[in-house]
Structures are given as C-alpha cells and as structure tokens.
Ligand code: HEC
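Below sits a lone chain in structure tokens, taken as the form predicted on its own.
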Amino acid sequence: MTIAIKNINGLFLLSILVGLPTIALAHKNHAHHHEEKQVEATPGAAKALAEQLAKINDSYKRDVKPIFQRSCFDCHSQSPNLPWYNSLPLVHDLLDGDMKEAKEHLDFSNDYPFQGHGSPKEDLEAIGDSVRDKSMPPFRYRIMHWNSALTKEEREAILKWTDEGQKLLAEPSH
C-alpha cells in the first residue's frame, strides 16, 4: 500500500515536473566565458595562486562538498543518482538536457576549482549569488527531491566558503 501511494504521488509530481517549462535560473546575470584567458604570471604568482586554490579546495572538501553531494551532484557531477522516472522517454530527455546544461555551468566532479565556463573566482561568485537568492537547487528539482533544499545552516556554510574564497583570490599574488 505504501509503495502504491508513493508511486501515485511520484506520478503526480512527475506530471508537474514535465509540465513545468525549463527554468534557466542557474546563474542569472553571470555570462558564459568560453574563451581562454591568457594571463602572464611569474612563477611566484603561479605558486601563490595554486596555494590559494588548494586552501579553498581544502575548505570545500571539509565544509561544502557534503552539502553539494546531497543537493547538487545529481545535476552538477558525473555521478548522478538517477530516479526511477528517468527511464520514461520524455522525462529522460528533459533530465538529460538539464544535467548537461548544469555541468556546462559548473561540474563539481573533480573538486575545486570546478570545471565550467567561469574562472574560479567567478564560480564562487555565481554559487554565492545562487545560494543568496535561493535559485539553487531549482524548484523543479526540489519538488521531486524533498531533502535537497538547503537549510539555513547549509546556506551560511556555503556563503562563508564562497566569501572567504573570493577574498583569498582577491589578494595579490606574489
């Protein structure tokens, strides 16, 4: 009986999911940057940048990655936990498109700095903006994954990490 109720609720939510238009709230005013940025750096500056990125990554793995694994990895990584309804043809295409676009923006598969279309600093800014305006995870994802919404404490941890990372990257390199 419980399974039948869950399936009925899942089908109801699925009909809502499929009926909703794709919402592109991923990073509002953050532009796509597809061209490579050529920056001349001294060996000391390159080393300092590598140290800054490593420090931000250490903090990410400790404080933020567990949150992202629960709320973000299904779309923003190479290891999604696909739901049962992904096997339905129209839903499969919709989810595949959403996941492909999400990974183009930010791919969390290999820790920080992330793969995507922005610089490490721009990625931190975009993540912070999305957490502040609560556009991530998107509503359409949250209605099907009830435990994915970020708590106040999780939002604070992510914002602390993005703000500290941006400050660290703003420091002049040697």
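Everything numeric in this text was worked out from a predicted model, so none of it was measured. Here, rigid core means the biggest group of C-alpha atoms that superpose within 1.5 Å across both forms. Heads up: residue numbers just count along the shown sequence, starting at 1.
Note that the form predicted together with the ligand isn't included here; everything after this is about it.
Asks: Answer with yes or no whether residue 157 is in contact with the ligand in the predicted bound form, where contact means some heavy atom within 4.5 Å.
Replies: Heavy-atom contact with the ligand at 4.5 Å: absent for residue 157.
Asks: Is the gap between residue 60 and the ligand in the predicted bound form 4.5 Å or less for some heavy atom pair?
Replies: Output for residue 60 is no: heavy atoms all beyond 4.5 Å of the ligand.
Asks: If we define contact as a non-hydrogen atom of the residue within 4.5 angstroms of the partner, is residue 95 a contact of the ligand in the predicted bound form?
Replies: It does: once the ligand is placed as it appears in the predicted bound form, residue 95 has a heavy atom within 4.5 Å of it.
Asks: Is residue 68 close to the ligand in the predicted bound form, meaning a heavy atom pair under 4.5 Å apart or at it?
Replies: Judged by the heavy-atom cut-off of 4.5 Å, residue 68 is in contact with the ligand in the predicted bound form.
Asks: Do all of 48, 53 and 55 end up near the ligand in the predicted bound form, with near meaning a heavy atom within 4.5 Å?
Replies: Looking in the predicted bound form, the three residues 48, 53 and 55 all stay beyond 4.5 Å of the ligand (heavy atoms).
Asks: Using a 4.5 Å heavy atom cutoff, which residues in 119 to 136 contact the ligand in the predicted bound form? It's fine if the answer is none.
Replies: Result: 126, 127, 130, 136.
Asks: Would the C-alpha of residue 101 be classed as shifted by 2 Å or more between this form and the one not shown after rigid-core alignment?
Replies: For residue 101, whose C-alpha is compared between this form and the one not shown after core superposition, the shift is less than 2 Å.
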